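We begin with a single chain expressed as structure tokens, specifically the form predicted alone.
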């Protein structure tokens, strides 16, 4: 179970941070606890929105990716600290990563009450509208007289305290599972992928017919797009549109861009269409994805896109069947994301990998040899084993592959590293 820990202190020496690090270390077999630093979180000011600052975004993203949160709070004047309050304000101002998130509160203080009033204050804040966290009821862990409870190795000294902490953490893991199960939304499934591109994303060019053979020209005119020797500033470079075209068309692979609205908006090698491994036509640019595939393939395309969009995989690989021994064409479908991790579409890469394999064999003095233990067709790579296998419904790849047997050690060529026994 992946949890994040937040210590509500920016002090150089924080016993609450020490407590979280102890939990992470002592109970690493139960939870994977990532203790976060809030030192760089700016003071909350609604007139100076810092929601997109690196410190706030980093913590927000960690919370969103975690199963639950443990907050260790000090007590300052019967309440939580200003630094912790600022963090919670940022996490409930324009973003809401705590909404529906299971939270456990712990706390350490110098005196007998063990941050009890700060914990009550924190519970009220976390359950307020805008934050909407789900705080585990009861099970308060109040670590009092904190200056004396850790030994020289930063471990809790009292066995009963450790036992109670373990019991409370165990209850929290059960609480997390229950809350997250309740929060689960039914996945509408791959059928929800709209390959007709009826929706729109922030880059959709509206008012231009997607099916038009001259969509590129019309969309460029409508958007006053850069062209020719106009400069385009990239992440780390400055190129003209012509230079971008030279660069992309010189790639030894075919590239296709389909946006998050499932609209096919770009392909390279435009001038070499007749020689393309995955044939495209100029009039296809701008088309909905449904227009780019035969009807029988639509369900499989929907499945692949849905897997990439929902993060079930970051890359999908598909070999083209029926290739001869000197040709092996691969299609790679790579999910694209922006800096915030939001899905932005698919980069399809197509290439024949055999020239690369042959070059490697030639320059290392090796050769391809059929594995006597593998039941595969030497040309297509398809299994000739009639024993049924559990396969992936989309790609047909085996889901129960066994690890390959390790090869016998060979004597390498000391210069090239190539096998002398090939």
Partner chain sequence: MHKFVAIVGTNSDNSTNRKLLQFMQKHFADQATIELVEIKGLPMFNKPEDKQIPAQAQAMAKQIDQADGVIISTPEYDHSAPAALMNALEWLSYYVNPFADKPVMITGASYGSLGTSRAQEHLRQILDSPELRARIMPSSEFFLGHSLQAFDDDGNLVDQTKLAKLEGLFADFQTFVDITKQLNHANAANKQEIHDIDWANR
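For clarity, every value in this text was computed on a predicted model and none was experimentally measured. Numbering follows the first chain given and starts at 1.
What follows is about the form predicted together with its partner chain, which we do not show.
Contact with its partner chain in the predicted bound form holds for none of 203, 293 and 304, as no heavy atom of theirs lies within 4.5 Å. Stretch-level contact analysis of 328 to 336, 69 to 77, 160 to 168, 204 to 212 against its partner chain in the predicted bound form, using heavy atoms and a 4.5 Å limit, identifies 69 to 77. Although the partner is absent here, residue 173 lies well away from its partner chain in the predicted bound form, with no heavy atom inside 4.5 Å. Proximity of residue 46 to its partner chain in the predicted bound form: non-hydrogen atoms within 4.5 Å are present. At the 4.5 Å threshold, heavy atoms of residue 124 reach its partner chain in the predicted bound form. At the 4.5 Å threshold, heavy atoms of residue 231 stay clear of its partner chain in the predicted bound form, well away from it. In summary, among the residues 41, 31, 63, 36, the only one with a non-hydrogen atom within 4.5 Å of its partner chain in the predicted bound form is 41. When its partner chain is considered in the predicted bound form, only one residue from 146, 104, 285, 308 comes within 4.5 Å through any heavy atom, namely 146. The partner is not shown here, but in the predicted bound form the stretch 63 to 98 reaches within 4.5 angstroms of its partner chain through a heavy atom at 75, 76, 77, 78, 79, 80, 81, 82, 83, 85, 86, 88, 89, 92.
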